[in-house]
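A single chain comes next, written as structure tokens; it is the form predicted on its own.
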Amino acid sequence: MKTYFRNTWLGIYTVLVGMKITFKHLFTPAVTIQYPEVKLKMPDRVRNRLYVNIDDCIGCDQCARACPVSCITIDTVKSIPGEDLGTTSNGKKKALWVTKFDIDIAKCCFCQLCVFPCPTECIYMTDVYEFSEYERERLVYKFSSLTEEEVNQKKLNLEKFQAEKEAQKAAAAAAAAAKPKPDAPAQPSAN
């Protein structure tokens, strides 16, 4: 009989302990947030999606060389004299057309090693962390502002300029070869 009352008291006691914990949490304010509508503030220096301010990019390729997973692809075309590319926001003069600046976020390991070598500080990590896609190809972000036609035109202009420069060098070399050389005075013989 003693065991019966002991077991009954133990069952009631354990239920009361559980109810105490339940009631304790019932009246405390909730700490959960309604995620899609409410988002937490991201801490400083968070490493998420990369962004490139293409107006400040000089095409130096230092970020692509620093990337350990080779997720950055940069193609440039040299500008010809007379083309004004402008300057960056911190005063560096641009000399190259950035025809392609792609970042494959699917490969990116968010190490932020590409941010620090940039001399114009045009590439940086943002606080955007939601960038899921259904197709993998959509994870390649293209930052170049030039259209395909403009890229082809810039390449064609550079080829024409280089061809004209080579023609001028060849003409100058031909003119120098055709110019008669003055006769050198005879050297007295030493006897």
Partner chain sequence: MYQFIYDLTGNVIISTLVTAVFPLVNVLIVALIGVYLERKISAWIQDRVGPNRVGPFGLFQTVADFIKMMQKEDATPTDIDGKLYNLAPVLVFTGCFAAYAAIPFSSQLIGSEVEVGIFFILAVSSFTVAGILMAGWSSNNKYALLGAMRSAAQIVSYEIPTALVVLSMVMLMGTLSLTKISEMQTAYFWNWNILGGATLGLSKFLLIPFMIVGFIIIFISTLAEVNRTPFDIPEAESELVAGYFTEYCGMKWAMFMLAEYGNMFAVSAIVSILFFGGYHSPFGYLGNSLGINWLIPYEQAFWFVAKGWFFILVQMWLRWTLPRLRVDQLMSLCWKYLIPYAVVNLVVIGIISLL
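Rigid core: the largest C-alpha set superposing within 1.5 Å between the two forms. Positions refer to the first chain, counted from 1. No experiment lies behind these values; they were computed from the predicted model shown.
Heads up, the form predicted in complex with its partner chain isn't pictured, but that's what we're talking about next.
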Contact label in the model of the complex: Y13 to its partner chain, heavy atom within 4.5 Å: no
Exercise: M19 in contact with its partner chain in the model of the complex, heavy atom 4.5 Å: yes
Exercise: A163 in contact with its partner chain in the model of the complex, heavy atom 4.5 Å: no
Non-hydrogen atom contact H25 with its partner chain in the model of the complex at 4.5 angstroms: yes
Among 59-67, 32-40, 138-146, 120-128, the region lying within 4.5 Å of its partner chain in the model of the complex by heavy atom distance: 32-40
Rigid core superposed: Q168 CA moves 2 Å or more between this form and the one not shown: no
